[in-house]
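Take a look at this single chain in structure tokens; it is the form predicted on its own.
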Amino acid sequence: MKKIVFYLVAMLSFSNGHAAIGPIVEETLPNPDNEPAPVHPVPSQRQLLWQETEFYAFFHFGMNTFTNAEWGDGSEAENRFAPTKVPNPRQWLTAVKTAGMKGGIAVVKHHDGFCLWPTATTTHSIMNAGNENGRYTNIPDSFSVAARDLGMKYGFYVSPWDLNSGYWGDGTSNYVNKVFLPQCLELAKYGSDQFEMWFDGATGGDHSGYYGGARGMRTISDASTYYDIPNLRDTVHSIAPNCVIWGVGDEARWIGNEAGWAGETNWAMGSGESGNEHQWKWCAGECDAKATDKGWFWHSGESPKTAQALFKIYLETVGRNATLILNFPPDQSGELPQADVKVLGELGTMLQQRLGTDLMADATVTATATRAAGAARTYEVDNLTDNNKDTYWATDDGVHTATINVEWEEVRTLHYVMLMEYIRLGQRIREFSIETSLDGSSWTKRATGSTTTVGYKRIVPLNGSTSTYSGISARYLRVTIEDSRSCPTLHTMAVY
């Protein structure tokens, strides 16, 4: 083709009596790597990094820790905040890291309006705490420093609703301009590497507040408008470009319950436990759950849930295309109780024992369909086990079904199958099935009725139960993609 273009240009030049010819431009063919077209919507880079965090902690600590409340009304005297020791976020993060968590969100202002940093926006803060331990506190600072030292992600919960402020809900923009936006700006400056800023979308009405002494109940009609969320989102992103604005920021959604489960069908679009395949915006779900048997804040006499109960929550959240933010509340010393630290270690051990050794490492893996290779990228089934999230298996355009076959030399005990779609190109799989066999000819379906969507990550218990740990004896396993919005893509598959 280049030669033909050259001769045509030369002939035209000579026919016009010109000795010189124009430059030859090398043509680049479209899609040289033969990548599948994206199926929209797709996540932004910020959303993708957030979803890769998978499992992280929530730390509810503040005025309520000292008043035995879950929701203060904003009238609490500042001197009631009096930790028995200087609060120690490094201890919090070290403990949850042993459980396999990749980061944490610290509550630095709850609905009562008390701020756990020296803010210029209000006197209702640690600057007027009841002892030196409290006045020495600066949770955003010590939390961010500890997270970086430990190689963990971090972010802050700051309540938009403020039951202490007389400005909140007064019919003007004073609260947003003088209190809320400046507070968010202060917090954003504690680190440009924050991964999430957590905003409850509370609009008032169901709790009576102090409101600067006015007291009573106030409401606002629309959180996004009142809090000037578009401006807030842009401002935070300009300082912390990979910080997802949770909740009212419309970049990640509440899963719809606080019980620690997502739907077995779960799209990264739409709302609630299951999402909606037909929604146009990427908004993956986050599950928030309590790891203790009382409230979100610490209460005397509370106990942590067992490691087995927390493992079940993990399977039903991270294992169902959601992230999990699991709450461990520090006590009045500003540290996690030792009972919580103990169960965190047990959970980490359980996760490693049950999901730490991929049995596909010594198996033969084949697929019934594979996409044609491009100039610099292949789509072979080997991409499923190369520990590289940027390579993936795919089928040709128009091929929406395929089977991945796994064979071992001898019978194995299998518990879970883990699948991860290449969601940079969108969430695609609508339905799949898993079968096992001892002889390669007689097959048994596993986990029937629960194998629909995959998304970022899906972990399927082969015995059909997230509550029990019992294995399946098999020498052969196959995963069949039954239906997909377009050609399926998977970057990782594991068997445990």
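The first residue of the sequence shown is number 1, and the count goes up from there. Remember, predicted model here, so these are calculated numbers, not experimental data.
The same protein also exists as the form predicted together with ligand FUL; that form is not shown, yet it is the one meant from here on.
Trainee: Answer for D331 alone: is it within 4.5 Å of ligand FUL in the model of the complex, judged on heavy atom distances?
Mentor: Result no; D331 lies far from ligand FUL in the model of the complex.
Trainee: Just checking whether W296 would be counted as a contact of ligand FUL in the model of the complex - the rule being heavy atoms within 4.5 angstroms.
Mentor: Close contact exists here: in the model of the complex, W296 approaches ligand FUL to within 4.5 Å, heavy atoms only.
Trainee: Although ligand FUL is absent from this view, report whether D288 comes within 4.5 Å of it in the model of the complex, heavy atoms only.
Mentor: So D288 counts as contacting ligand FUL.
Trainee: Verify the contact flag for D390: yes if a non-hydrogen atom of it lies within 4.5 Å of a non-hydrogen atom of ligand FUL in the model of the complex, no if not.
Mentor: It does not: once ligand FUL is placed as it appears in the model of the complex, D390 has no heavy atom within 4.5 Å of it.
Trainee: Identify, from the list Y416, Y190, W261, W198, the residue with a heavy atom within 4.5 Å of ligand FUL in the model of the complex.
Mentor: If I apply the 4.5 Å criterion carefully, the residue I get is W198.
Trainee: Name the residue from Y210, Y227, W117, Y157 that puts a heavy atom within 4.5 Å of ligand FUL in the model of the complex.
Mentor: Looking at the other structure, the residue within range turns out to be Y157.
Trainee: Have a look at 89 to 97, 147 to 155, 108 to 116, 335 to 343 and name the one stretch with heavy atoms inside 4.5 Å of ligand FUL in the model of the complex.
Mentor: Result for this chain: 108 to 116.
Trainee: Quick one: name the residues from 64 to 96 with any non-hydrogen atom within 4.5 angstroms of ligand FUL in the model of the complex.
Mentor: The stretch touches the partner through E70, W71.
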